[in-house]
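Before any questions on how it binds or moves, here is one chain, the form predicted on its own, in structure tokens.
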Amino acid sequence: MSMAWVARRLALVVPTLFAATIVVFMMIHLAPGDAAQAMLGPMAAGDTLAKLRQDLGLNDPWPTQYARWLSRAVQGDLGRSIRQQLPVAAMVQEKFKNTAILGIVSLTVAVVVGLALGFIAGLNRGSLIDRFVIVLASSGIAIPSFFLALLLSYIFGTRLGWLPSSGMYELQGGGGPGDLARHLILPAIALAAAPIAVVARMTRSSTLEVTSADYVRTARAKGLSESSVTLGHIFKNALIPIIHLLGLQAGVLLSATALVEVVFSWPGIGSLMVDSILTRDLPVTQGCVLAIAAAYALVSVAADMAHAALDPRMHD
């Protein structure tokens, strides 16, 4: 993997982020509502409302507002929250850490469980576990993450009381790793369910394809042990097409995290973004979307690099 190849992949992040900023800026400003009205309330006087709009720069043309925001954003200044009057960059950074914890745990669960189920099912085609994995994968894809989150919260949090269904820590607890782990279980399962299903189906298909390949039959004909054939030939080569898929599933997690965080009151960037949209806090919304777009772009680059490391033909 050459440095030039890596540099080209990283360079693609810039136009991706630029396009994301344009799209979110236009969507926010085309949406009904008014940031100044949201701050002052529906009973605000007309002259007070007009002065606030002038102070916030909302009377300027959209290209002017966008250029002003973008010029500051490239310097790390995402503006200040209209509602809380705090630096947006600091707010996003604080909440993104919480989302990263939830996202990394969910993705790890999805990778480990999805690869294991798919690989075992592929090696035992037509067996009971193979049929179980097929049914499980179909169910995981069909059930929306937010609905599963509501279901898990109601059953295991409200009805049974086995696990906490809101927040990251107990309000009166010590806030240790054990407390965090208990609060992570339900939202992590809700987020990981769909990626587990996708990874399991893809791994099963890839394993079936590799198992019937000529080089696998040749390896067995040479007298290699079954464990060597399984791990050294089947699993390694079946993993190659999965790597790029994992990057896409990381994007699925990022897109689903907002609703799951709202359901479980998880103090992450998804909850912050939803709250900013409801209150028309435009700088916060733009900062959240930019952070999510940047994370998705960087994860995609990392997936491409991992794919290239396993398959050198990618950067020929």
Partner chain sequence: MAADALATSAAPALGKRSASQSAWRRVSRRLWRDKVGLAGIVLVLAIVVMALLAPVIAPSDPLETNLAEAFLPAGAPGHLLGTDLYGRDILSRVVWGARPSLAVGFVATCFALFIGATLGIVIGFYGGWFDTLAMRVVDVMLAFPYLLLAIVIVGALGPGLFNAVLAVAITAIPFWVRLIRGMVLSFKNEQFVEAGRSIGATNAHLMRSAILPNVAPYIIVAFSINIGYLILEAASLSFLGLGAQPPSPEWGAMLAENRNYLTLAPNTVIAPGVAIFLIVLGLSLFGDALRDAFDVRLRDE
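Rigid core (definition): largest C-alpha set, two forms, superposition within 1.5 Å. Residue numbers count along the first chain shown, from 1. Note that this is a predicted model, so its numbers are computed, not measured.
Not on display, but discussed next: the form predicted in complex with the partner chain.
Of the listed positions (A221, L128, L160, A142), a single one reaches within 4.5 angstroms of the partner chain by any non-hydrogen atom in the predicted bound form, namely A142. Out of the listed residues S166, N124, S138, Q84, S138 is the one that sits within 4.5 Å of the partner chain in the predicted bound form by at least one heavy atom. Residues M27, R280 and Y296 are all found to lie within 4.5 Å of the partner chain in the predicted bound form, as judged by heavy atom distances. Using a 4.5 Å cutoff between non-hydrogen atoms, A256 counts as a contact of the partner chain in the predicted bound form. The closest heavy atom approach of V23 to the partner chain in the predicted bound form falls within 4.5 Å. In the predicted bound form, the partner chain stays beyond 4.5 Å of every heavy atom belonging to L10. Within this chain, F146 lines the site of the partner chain in the predicted bound form, having a heavy atom no more than 4.5 Å away. Residues placing heavy atoms within 4.5 Å of the partner chain in the predicted bound form fall in a single listed stretch, namely 149 to 157, out of 149 to 157, 99 to 107, 69 to 77, 112 to 120. Annotation for 263 to 279: interface residues with the partner chain in the predicted bound form are V263, M273, V274, I277, L278 [heavy atom within 4.5 Å]. A displacement of less than 2 angstroms separates the C-alpha positions of V299 between this form and the one not shown, with the rigid core held in common.
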